[in-house]
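A single chain comes next, written as C-alpha cells; it is the form predicted on its own.
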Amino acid sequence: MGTTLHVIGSLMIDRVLRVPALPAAGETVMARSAAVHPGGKGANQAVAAARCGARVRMLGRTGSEGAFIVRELAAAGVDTACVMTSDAMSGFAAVMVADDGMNSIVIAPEANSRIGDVDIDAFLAGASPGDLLLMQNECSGLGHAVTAARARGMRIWLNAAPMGDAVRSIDLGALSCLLVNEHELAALTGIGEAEAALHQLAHAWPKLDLVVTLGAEGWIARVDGAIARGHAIPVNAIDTVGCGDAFVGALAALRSEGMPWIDALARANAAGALAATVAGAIPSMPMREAIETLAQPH
C-alpha cells in the first residue's frame, strides 16, 4: 500500500445553490434548488485519496453539525481519530453552481481556523519519515505544520488554495510539491500566463515539483526536473465543485504508493474529470476502478 498519507485540512458544510448562471455583481438570481453536502478541501482530498487506495489519516476540526462529514470520512476509510467535533461553529461554504457546471464559492473557515499547534504536533507524532503530508490553505497552522513535518523528514505537499498571505509566507523550499490552479498560480507569481508563471517558479525553486490544473485546458507540471502536459478528458460535466480536490487527492495517493509521476498525473486527470459528472464535493470523489478505466487510452 506504500506510505501513509497524512492530511491536515478543512471540513466544510457545503450549502449548494443550483442557478441558471452565476450572478454578476449586484444581481439577484433565483436558485433552481438548494442542497447540503459534506465538503472542505481537506476532507475532499482525504476521501479522494482513500477511494484511490491510500492509507489516510486526517487532522481537522468542526462542530456537532459537521459530524456528518466525519461519518463520510470514516465510511471512505479515512482514520478520523484526530478529527475534532467540539467547536461552537462549523466551517461552511456557500456554493453556487450554474447550468454549465461552473461554480462560485465563498468559504467561512470558522472551526478550521482554530486548529492549534499542539493539535498539529500530536497528529504528526503518528507520522514516520518519508510519509507524505498533504495540506491546503483553508485552516490554521500552515506554517507550523510545514516546520514540524520537515523536522520529521516528511514529504510535504501544499495545495495553495485559496491563495493568501499564509501561503506567501511559506518557504517553498521546504515543500516537496506545490499544487495550484491557474488563478492561484497567477496570484502567487503575478504572471497571468500559466506556462510562463510555471517556468518562473521552476527557475526559483529547481528542486520543487510543481503541478498546475487548468480546468478545461487540462494540466501542466514540472516534475522530476521536466515539463509535462496533459489534456482534459471530455465528460458530461454537471458540477465542477471538487474536481481539483479529486485530482490532488488521487495524485497524492498514487505518488504515496510509488507510482511514476506521468502515470499518476494521467490518473489524477481522470479523477478530476469523473468528479465533474457527480453533484457535490465528497459524493463526487471517484473510486480507483473508475479512475483506471477512464485513464486508459482509447
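Don't overthink the numbering: it's just position in the shown sequence, from 1. What you see is a predicted model; the values in this text were computed from it and never measured.
From this point on, the text means the form predicted together with a small molecule, which you will not see here.
Asks: Could you tell me which one of N137, N181, T80, S90 places a heavy atom within 4.5 Å of the small molecule in the predicted bound form?
Replies: Of N137, N181, T80, S90, the residue with a heavy atom within 4.5 Å of the small molecule in the predicted bound form is N181.
Asks: Given that the small molecule is left out here, which of L214, L172, A74, M163 has a heavy atom within 4.5 Å of it in the predicted bound form?
Replies: If I apply the 4.5 Å criterion carefully, the residue I get is L214.
Asks: Can you confirm whether I233, N269 and A273, the three residues that make up this candidate site, all sit within 4.5 Å of the small molecule in the predicted bound form, judged by heavy atoms?
Replies: Yes, the whole trio is in contact, each within 4.5 Å by some heavy atom.
Asks: Among the candidate stretches 102-110, 216-224, 118-126, 187-195, which one is within 4.5 Å of the small molecule in the predicted bound form when only heavy atoms are counted?
Replies: This holds for exactly one stretch, 216-224.
Asks: In the predicted bound form, does P38 come within 4.5 Å of the small molecule, counting heavy atoms only?
Replies: P38 lies outside the contact set for the small molecule.
Asks: Classify A237 as contacting or not contacting the small molecule in the predicted bound form by the rule of any non-hydrogen atom within 4.5 angstroms, answering yes or no.
Replies: So A237 counts as contacting the small molecule.
Asks: So, in the predicted bound form, is M58 in contact with the small molecule at a 4.5 angstroms heavy atom limit?
Replies: No.
Asks: Although the partner isn't part of this model, could you tell me whether A252 comes within 4.5 Å of the small molecule in the predicted bound form, counting any heavy atom of the residue?
Replies: A252 lies outside the contact set for the small molecule.
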